[in-house]
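Given next are two forms of a protein chain, the same chain in both, each as structure tokens and marked structure 1 or structure 2.
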Structure 1
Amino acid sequence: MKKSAVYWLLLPGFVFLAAFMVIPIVLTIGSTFVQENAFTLDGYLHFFKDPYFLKILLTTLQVSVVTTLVCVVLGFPTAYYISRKAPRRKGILLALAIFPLLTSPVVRSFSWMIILGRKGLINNALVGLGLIDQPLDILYTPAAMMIGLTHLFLPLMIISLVGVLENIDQDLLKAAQSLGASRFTAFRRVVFPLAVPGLVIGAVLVFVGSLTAYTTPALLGGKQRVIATFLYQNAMTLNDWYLASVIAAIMIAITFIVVGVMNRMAKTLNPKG
């Protein structure tokens, strides 16, 4: 097939993406630099000078970073275990890992509200065992949002890692051990560098998903604002579309920065690609 024919086949997709994604994003970001037909940075200056806005941004970054780290810590060994199983058992384990994605985020969030509430399962168990005298305030805190988001995005981390780990030849580990490396050293020097691409993809998906998630933080965070709920509040409740556009532009900028940093880290951890 000629290259020109391939380009013509790709054209509908490019037109669709340009019309419904690229152009709206460009217009949204462009509108933040214009007020009263004049170029301005007042929206961004106002955002970064306001302590309340900065607190929301820092809370969002904290929740996103911690959620990503927890998903890495939980997802890597789980994915490695699944990748080493026979195809039939691997399929069953993957189905179990993916199962949370088949449940609505609203249903999952309400389930966590029952578990984390002051009269929820965790507090009742701790009080019943005599470990605490008063129920803990877990619900409507950043910790509750982290728990809900970890449950929401952990399957993405596992899926991203399994696809990479299952393609690592076990003979490489045996060769490393035959040359005197311990199991841990062989894992650190062989498996981990080769798994970096899946780790980066999974981390980006989890971080960006946590950064932009709305339903879970809105239900589990209560009055704790994150940038997604703050954007919704300004757009739909306060009808301040200019500030909402500024917030959206900041979210897009953070996404590109994170992707760039993760790619740089991937090159550092695996310089040979």
Structure 2
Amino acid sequence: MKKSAVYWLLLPGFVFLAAFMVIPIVLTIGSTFVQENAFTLDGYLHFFKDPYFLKILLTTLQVSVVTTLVCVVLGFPTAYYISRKAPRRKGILLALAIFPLLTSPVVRSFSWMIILGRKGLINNALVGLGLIDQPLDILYTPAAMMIGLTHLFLPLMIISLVGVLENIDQDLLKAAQSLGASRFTAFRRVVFPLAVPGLVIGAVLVFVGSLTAYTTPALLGGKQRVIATFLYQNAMTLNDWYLASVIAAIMIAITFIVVGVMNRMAKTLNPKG
């Protein structure tokens, strides 16, 4: 086969992506630097000076950081447990973890509306038990978003971790124990460091996912905005496309920075090189 023929195979897909994805995105980002035919940073200066915008950004970051941490704390032990099971049972547990991942995010967020609402499962139970008089406001708060996002992304964390944990040779644990390490020390000194790459990948997926999620904050956040819902509001409700473009550019920048930094981290934390 001629060398150039390879490029013919890639050409249709490339043209498609270039025309419908790359060019629109590049133009969108480019447009944020131009106002009245002149180069400007006003859009960004305005954004980062406005306390309302900054609060949205801060809320988004807070929600994403908490969600990521909770996913690590809940995901690691669970993934470790799954990875140590015999193949059959491991397959079943993995399937149970993957099922919610493939289920519509609308369905999953909606289920939390039933649980967290003022007349929801939790409030009914607490009032019924006489623990509280008035129903708690959980739905439409950042906490509700964190719960919903954790539910949304925990499976991603679990399967990324199972991927690395199941490849850790069981003999390494035994070797550590035969050298005098207790089971806990063996875990801390051997298993955990070897799982760090999977942990970093999982954390990136969860963090970036939470940062850019739309459906869950839209359903569980109420009036509480995050950048994704704020972008939508500006684009579709307020028709402020310039501001929407600025938000889009900021979201892309944050995503790329986070992915880049975590990639670097994964490399330096992984001494194998």
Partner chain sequence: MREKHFGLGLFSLLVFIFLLGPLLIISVTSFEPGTVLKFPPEGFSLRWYENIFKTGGFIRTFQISIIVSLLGNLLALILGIPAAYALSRYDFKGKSLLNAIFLSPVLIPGIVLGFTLMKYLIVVYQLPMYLGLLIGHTIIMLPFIIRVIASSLSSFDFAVEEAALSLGAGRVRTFFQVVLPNIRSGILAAVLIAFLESFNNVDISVFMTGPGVSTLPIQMLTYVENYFDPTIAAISVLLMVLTGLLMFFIERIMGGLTYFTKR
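Rigid core (definition): largest C-alpha set, two forms, superposition within 1.5 Å. Please read all numbers here as calculations on a predicted model, not as lab measurements. Along the sequence of structure 1, residues get numbers from 1 upward.
- Of the two forms shown, structure 2 is the one predicted in complex with its partner chain, while structure 1 is not.
- Treated as two rigid bodies, the chain between the two structures differs by a rotation of the smaller body against the larger of 10 degrees.
- For F14, the Cα deviation between the two structures after core superposition amounts to 5.3 Å.
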